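Form predicted alone, single chain, as structure tokens, below.
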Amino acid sequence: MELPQRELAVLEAASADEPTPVAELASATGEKPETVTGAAFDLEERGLVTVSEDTVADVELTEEGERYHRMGLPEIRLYETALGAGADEESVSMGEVLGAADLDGPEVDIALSNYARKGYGEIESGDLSANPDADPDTDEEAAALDAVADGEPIDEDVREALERRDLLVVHERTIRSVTLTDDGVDALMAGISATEAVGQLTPEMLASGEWADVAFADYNVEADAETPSSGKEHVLRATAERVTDVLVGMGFEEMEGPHADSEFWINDALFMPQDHPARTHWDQFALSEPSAVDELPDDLLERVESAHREGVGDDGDGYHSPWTEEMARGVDLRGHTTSLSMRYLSGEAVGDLEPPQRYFSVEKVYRNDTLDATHLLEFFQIEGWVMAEDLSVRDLMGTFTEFYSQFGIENVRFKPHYNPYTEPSFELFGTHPRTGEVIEIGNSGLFRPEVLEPLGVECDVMAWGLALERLLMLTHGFEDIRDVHGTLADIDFLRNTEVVY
């Protein structure tokens, strides 16, 4: 048997007893790893070796992880400081302990959130106690940081916990190994001669005519090759553009506006009472250093305040709850893009509008939600409204039926709902194509007079806010919204999924 020299070298360096990694074969043969890999695949095609692949996870501490490795986890430093303050005998002031613990701003929250979770003590009503039986030396996460720093393996559950805390990162790599087959052993025993195969045709060979007398290496066009992963448009952004195309095709114009806006446009103009639970820091993000926003129109400010205090029309009653201009001027990240609708309907964005009008936006909103399979801290909302005379629930339902049919969704369901700003109001639901679960996909209704009259709108307006990510779940069948966002994103899904027009 004859083989090219590179294949013969790999065959002779490989073992039949155990897999030999490509890196070791490259060292033994003096060839580059990529040359050895190519030769191994050619030998596998001949049945002389097998090539196996193993995925290895290399764990590395982040900058924050390195700091905690040197200084200790914030919760452990808090515990040790609490012990020094006598908190194992009686509760002490939490502020006093935090002040002595030498924790920077973010570390305070980290320490407090993990202190009770790990059993180091309790925090209640501003006081802190320490568990005398707790032992920081048995802290699995602290021990894992030390192990990673020393290049030692760690428990997978602990590794995942430290990944969630951004204290370490995992880099996965593939190791290929080569093992001689019985046919490979037989071939070596029978004897193999090396051929001087030429791997590349050069201009000099053509000019001299040497090409006619040399043996060229086989080029295996069926051999496995690495699939290049080039950049591409994110499926969420592509779907947003598809939504834009559909709504423009239905006669809508697109709205624009700030992500950080005054509470007035986000909530007050929408007839959301200032003491509504959704307006607290538990549901929305206030800016500690708010940037400047447009000055609020004084006459509109007065009309909106009057609607909150007294209502509108002869039967208006208002909320009878606190309302201050100071709160209305506060700046938050918008929790919905209805702030854009308020700016447009009031005439502040593009001037006074005469019916009929149709506007929409597909933009990010921000909410202080608990992360789970259907909720994120930031997501895309499909905002839309129609201004016209004599609108009804039938018009609203018909618009949704037409919109969702463009995405192959025919089974949209409606359920009566309460909103402070619309009456009647409806939630929208769709059926997940894989699980059969009915999931909420949006909210809608006809704006109340308390919203429209202060804005100077004298006809009906129907409006909605739909979740772009939930639409994507219905069209593509994934079950966890985090498959398309953040560190848990399904990379294969993002690389391979196309938006069908």
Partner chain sequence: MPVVDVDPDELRELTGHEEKGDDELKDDLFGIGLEYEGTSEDGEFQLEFAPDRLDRLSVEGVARSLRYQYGDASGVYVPDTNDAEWTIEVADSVPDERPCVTGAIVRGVDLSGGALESLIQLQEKLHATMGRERTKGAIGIHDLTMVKGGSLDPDTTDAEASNSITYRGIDPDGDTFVALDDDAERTPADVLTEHPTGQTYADLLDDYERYPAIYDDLGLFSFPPVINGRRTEVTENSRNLLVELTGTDQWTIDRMCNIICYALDARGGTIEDVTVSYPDTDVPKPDLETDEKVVTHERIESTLGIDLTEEEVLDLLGRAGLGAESEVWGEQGIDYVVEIPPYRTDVLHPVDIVDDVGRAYGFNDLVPRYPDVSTVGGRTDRSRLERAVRETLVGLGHQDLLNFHLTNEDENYDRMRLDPGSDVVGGGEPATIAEPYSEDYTIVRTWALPSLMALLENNTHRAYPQDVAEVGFAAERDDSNTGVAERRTVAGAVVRHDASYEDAKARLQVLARDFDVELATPETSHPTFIDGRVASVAIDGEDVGVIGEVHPEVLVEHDLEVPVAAFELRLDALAE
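Residue numbers count along the first chain shown, from 1. This structure is a prediction, so every number in the text was calculated from the model and none was measured.
There is also a form predicted together with its partner chain; it is not shown, and the following applies to it.
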Is residue 80 near its partner chain? Define near as a heavy atom within 4.5 Å, in the predicted bound form. no
With the cut-off set at 4.5 Å between non-hydrogen atoms, does residue 174 touch its partner chain in the predicted bound form? no
Give a yes or no for residue 401: in the predicted bound form, does one of its heavy atoms lie within 4.5 Å of a heavy atom belonging to its partner chain? yes
Residue-level question: is residue 211 within 4.5 Å of its partner chain in the predicted bound form, judged on heavy atoms? no
Select, from the options 420-428, 156-164, 112-120, 174-182, the stretch whose residues sit within 4.5 angstroms of its partner chain in the predicted bound form by heavy atom distance. 420-428
Proximity to its partner chain in the predicted bound form, single hit among 204, 150, 90, 253 (heavy atom within 4.5 Å): 253
Just give me the single entry in 321, 405, 193, 324 that has a non-hydrogen atom within 4.5 angstroms of its partner chain in the predicted bound form. 321
Near its partner chain in the predicted bound form, with a heavy atom at 4.5 Å or closer, the residues from 338-358 are 356, 357, 358
